[in-house]
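A lone chain, given as structure tokens: the form predicted on its own.
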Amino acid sequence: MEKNVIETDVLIIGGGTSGCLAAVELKELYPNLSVTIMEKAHVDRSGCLAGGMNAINAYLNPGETPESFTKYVRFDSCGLVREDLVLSMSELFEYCVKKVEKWGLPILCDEKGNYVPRGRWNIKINGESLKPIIAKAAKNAGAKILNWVTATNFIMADGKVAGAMGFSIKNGNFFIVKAKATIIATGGAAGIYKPNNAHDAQHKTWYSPYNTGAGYAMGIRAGAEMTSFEMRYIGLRVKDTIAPTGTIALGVGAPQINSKGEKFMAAKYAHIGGDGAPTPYRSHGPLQEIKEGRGPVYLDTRHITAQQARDLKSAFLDMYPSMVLYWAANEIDPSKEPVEVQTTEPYVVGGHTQSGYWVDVNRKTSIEGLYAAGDVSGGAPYKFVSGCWAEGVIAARAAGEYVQKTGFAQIPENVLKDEQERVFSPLMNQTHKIDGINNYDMEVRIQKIMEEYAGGAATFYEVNDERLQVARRRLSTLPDQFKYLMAEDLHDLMKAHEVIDRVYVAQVLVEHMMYRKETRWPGYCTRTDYTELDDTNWLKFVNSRRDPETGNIEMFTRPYEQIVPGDRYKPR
């Protein structure tokens, strides 16, 4: 394997939503800086935007402010968010949306030229080509892009992050990218739990199946402080296709009904907003209907007109064409029959919830030289596309300023040598025909543990201390098996490191779920032994830090600070 050594002022790991915006911002503010993006796939169609979008889901429509947005996000997150982070990203929504529109994103406007809203915080777009548009902007700005290079670990020097290492999935070259500052923007983690769709459709998931927790795992191994992993994301999605329900619920005002035709959200959750209840409750409500024998559950679209049904299909073609194909193949007309929905497997994703790196308002992590943006950054849920853009911009501005006063670190040679050996050991095991295990078997093992003992779909996402103790114990045996992983080729090698990363994320996730002894987000993480929301003891953030030397995970809390006045459980 050849060794590629690169020096760059700023390294961005992940060329998705946040990474591309960060690259452009850096080159615009600091044209002389060298900026490199390390991307696991190809930047033109990578990350969560690969398939496109049909709306910008976080935007301040007329009459709204950063404060009103923060109030809503706080309500939607059951009273607990990093308000400083939510405020700072919402202040940049307009800046980012206008910038991407200028690059070529078609945003729907009315006859007066105003953006067309979809609900309180959304605007409609024709966004099938959104990812190629922002990727082109990053390239035109002058960023160097390393496609098909998967990051495996940070380069650590004197307690600082000094770049990252990885390997090419195309030719197996080992990459050493030395950087003065690093922005981690890899996205969240799918594949921790057993997928709802089985067999050949197992990667038909809501979240990008290529986002496997690498960014989290690299930080965990380096000893970075993490927050709120226990706020998992369990989405309500169209059954089987896993298409987003917001397009239907907001697009045509479709309420949830059970198999009896009862509007159960309106009837049972009126005190917290009915069908507009906080997002965790919109998964929890239908779960209870199914659990108590009133399933399946649907979004009732029978009131929409033929034109609305056509518009609905057009919206899905910008983002989820398989939904339209499914309806066509099965002769389903959403104006004549309701759309069945289901909950997804759990994900760890800081863009919808708030699991990720603990950062300051400039998105600086607890490790010097490292910034985090997008789904991998914690504390600020409800980011979606524009919030991830905003965090990329914020991190870029801070990283650009940081590199003005720092140089390249002296990197111990053994750090690079040890990582190269670790990265390629599954290939060496295969070459030397050592008895071992393949990545698929380990992936199935971790997913089975998490599904059965750490709140998977089979247990209605419910956990208790006894089950979590079992999960902790069984997960603890897996790291000793890493040395037996085998890889037949470079794709297999990538899969081997994906499953290693998932184990690190799963271990931290279980510790977080055990530590928070309340049920703050029913549906996302329901504690059957602590069923109530407990503001007296748990209105605070659960954080963790793994000791890189011992592997022990330290758990502790950080205080909540209310910045925006008002009732934390009201949306306005």
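Just so we're clear, the structure is a prediction, and the values are computed from it rather than from any experiment. One-based numbering along the sequence shown.
Quick note: we don't show the form predicted together with a small molecule, though the next part is all about it.
Position in contact with the small molecule when the complex is considered in the predicted complex, options T344, S283, T150, T245, heavy atoms within 4.5 Å: Only one option qualifies, and that one is T150.
Selected contact from A55, V508, V35, C525, since only one has a non-hydrogen atom within 4.5 angstroms of the small molecule in the predicted complex: Checking each option against the small molecule in the predicted complex, the one that comes within 4.5 Å is A55.
Which of 355-363, 416-424, 314-322, 269-277 lines the interface with the small molecule in the predicted complex (heavy atom within 4.5 Å): Contact criterion met by 314-322 only.
In the predicted complex, Q256 touching the small molecule (heavy atom, 4.5 Å): Contact check for Q256: no, nothing within 4.5 Å of the small molecule in the predicted complex.
Interface membership of S228, the small molecule in the predicted complex, 4.5 Å heavy atom rule: Outside the cut-off, so no.
4.5 Å heavy atom contact, Y207 to the small molecule in the predicted complex: Looking in the predicted complex, residue contacts with the small molecule include Y207, since a heavy atom lies within 4.5 Å.
In the predicted complex, A181 touching the small molecule (heavy atom, 4.5 Å): Flag for A181 set to no.
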